[in-house]
Ligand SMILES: C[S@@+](CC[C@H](N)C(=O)[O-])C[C@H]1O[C@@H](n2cnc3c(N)ncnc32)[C@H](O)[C@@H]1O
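Here you get one chain, nothing else, as C-alpha cells; it is the form predicted on its own.
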Amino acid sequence: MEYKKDDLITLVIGDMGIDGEGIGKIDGFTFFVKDAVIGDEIEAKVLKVKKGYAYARMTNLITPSMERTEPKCRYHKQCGGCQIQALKYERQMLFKTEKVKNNMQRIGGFSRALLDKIMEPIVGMNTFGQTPYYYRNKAQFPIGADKYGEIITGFYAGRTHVIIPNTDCALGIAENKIILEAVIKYMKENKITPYNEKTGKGLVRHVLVRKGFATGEIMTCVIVNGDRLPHQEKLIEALAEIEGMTSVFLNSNRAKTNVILGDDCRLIWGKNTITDIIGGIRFMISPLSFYQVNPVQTERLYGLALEYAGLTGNEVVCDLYCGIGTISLFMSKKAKRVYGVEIVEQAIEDARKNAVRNQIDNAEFYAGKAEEVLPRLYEEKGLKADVICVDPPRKGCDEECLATMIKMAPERIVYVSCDSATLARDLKYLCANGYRLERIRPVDMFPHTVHVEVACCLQRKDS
C-alpha cells in the first residue's frame, strides 16, 4: 500500500528512535511518531512520506502502553526540552542503555557480546534515591511577546523559536519562577520591550539563571539587545530580595543570532561568581563558565572517571577539554600531577583560580589545542602521561587530538562523552591504534530527555 500525507492509520509502537520518537510498522513500512511510546496502540495522521518510511502525528491514544506514565509538566508535548517524559523512568534507563549499545555496535563496530560483558548498569538519578526532577542548576529563558503583545517567557517549542509560556519547568529550580516573574513585572512597570527575533528590535532577549546546589547561591544574568537596562536599580532591588541571590549581571548581545550570550558581561550587583561544591571541591562559576547542569549526577560521573583512571598516587594525568578544571581537580586528589588543557582561555583562568581556591598545587592548566599543547609540554617538560582523560563537546575529539593521544601512548585513556555516536566513532579509532575497551557505563545526566553521558576506560594493549 502507498501512503500519502493526511492518511489516517492505526499503529502499534514496537520501538523507539534515538530522538525518543515512537516507531511502528505496517506491512514492513516504518512510521516515526512523536510523543508515542513503546507499547502504545494509536491512531495517527501522516505528515510526510519518504521512500520506505514516513513521519506521523498521534491523533488518538487507543490503548496506552504499560510503559507510559503521566508527565509532571503539562507542556511536555509542545516544549522541545523533555522528549520522553511520558515514559516511565525505569524504561527511560533501558532506552538510553540500548541507545549507547546500538551506537557502539553500529558505529564503533564493537560486538554485542563484548558490550554485554563490559557495559555496567546505567547510573540513574533513582540509583541513590533522588527524584529525576528539579535537577538543573542552569536555565536560559527567552523573553518575547504573545500575539496580544503581552510579555512572555518560557521555552521554545521543539525545532522552532516559538515560545511556550512556562515559568515553572519541572526540571529546573523553584527560584526560576520567582526570578522570571520579577523580571516581567519590572519590564511591564518600566515599559521595557522584549526582543523580537524577526525585526531585531526590542531590548530584553533572555534571562539566564544559575544556582550552586551545595551553597544555595544564585546568579541572574539579563541578556539585552543594547548596552544598558533603563531603571536597572528597580530590577536589582527586586532580585536582591530573593533568598540566595548572590550575583546580577547584564550581558550585551546586539548580534542577530541564535547565540544567547554576547561577549560583554558586566556585574551590576553582588559578587563576580557563585560557588558550588562537588566531591569536596569548590568551583567558582561565572555567567560564561561551562559547568555541568546536574551536580548530583556530575559527582557520580566524575567519580566514575576517577575510578576508571585507576590512580595510585604515582601517575601523571593529562585532562583534555578540561573546562574549568572539574575532572582535573577530581583527579588531582589521587594523581602525582595533572595537566589540564582547554581551548577557551577564560575557562583556563577559572580552572587556575579553582585550583588555588582549593589549595591544590599538583594541577597545571594550559590554554590551547591539545594537539599543540601536549607536544610542547613533552619538549619543554619531558611530559609523559600515564593516563589521559578526555571530556569533549558533542562533536567528539578532533582526529589530530586522537592521533596525539596515540603518540603519547598512555597506559589508560578515560573517555567521558555526552554523545554516544561520536564516542563510538572515536573509540573505533583508538581501538584500531593500540587500545582495547575495558569498561563502559552510561550515566543519566539529563532525565526525561534523550541525552545520556557515558564513561569509558581503555587500556593499552601491550601493557
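Predicted, not measured: the structure shown is a model, and the values here were computed from it. All residue numbers refer to positions in the sequence shown, first residue = 1.
One more form of this protein, predicted in complex with the named molecule, exists but is not displayed; see below.
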| property | result |
| --- | --- |
| Contacting member of Leu235, Cys318, Ala351, Ile327, with respect to the named molecule in the model of the complex [4.5 Å, heavy atom] | Ile327 |
| One residue of Tyr134, Phe290, Tyr378, Tyr75 in contact with the named molecule, assessed in the model of the complex (non-hydrogen atom, 4.5 angstroms) | Phe290 |
| 4.5 angstroms heavy atom contact with the named molecule in the model of the complex for Glu307 | no |
| Contact test in the model of the complex: Met219 vs the named molecule, heavy atoms, 4.5 Å | no |
| In the model of the complex, Gly368 touching the named molecule (heavy atom, 4.5 Å) | yes |
| Close approach of Pro194 to the named molecule in the model of the complex, 4.5 Å, heavy atom | no |
| Heavy atom contact within 4.5 Å of the named molecule in the model of the complex, the stretch among 342-350, 355-363, 247-255, 142-150 | 342-350 |
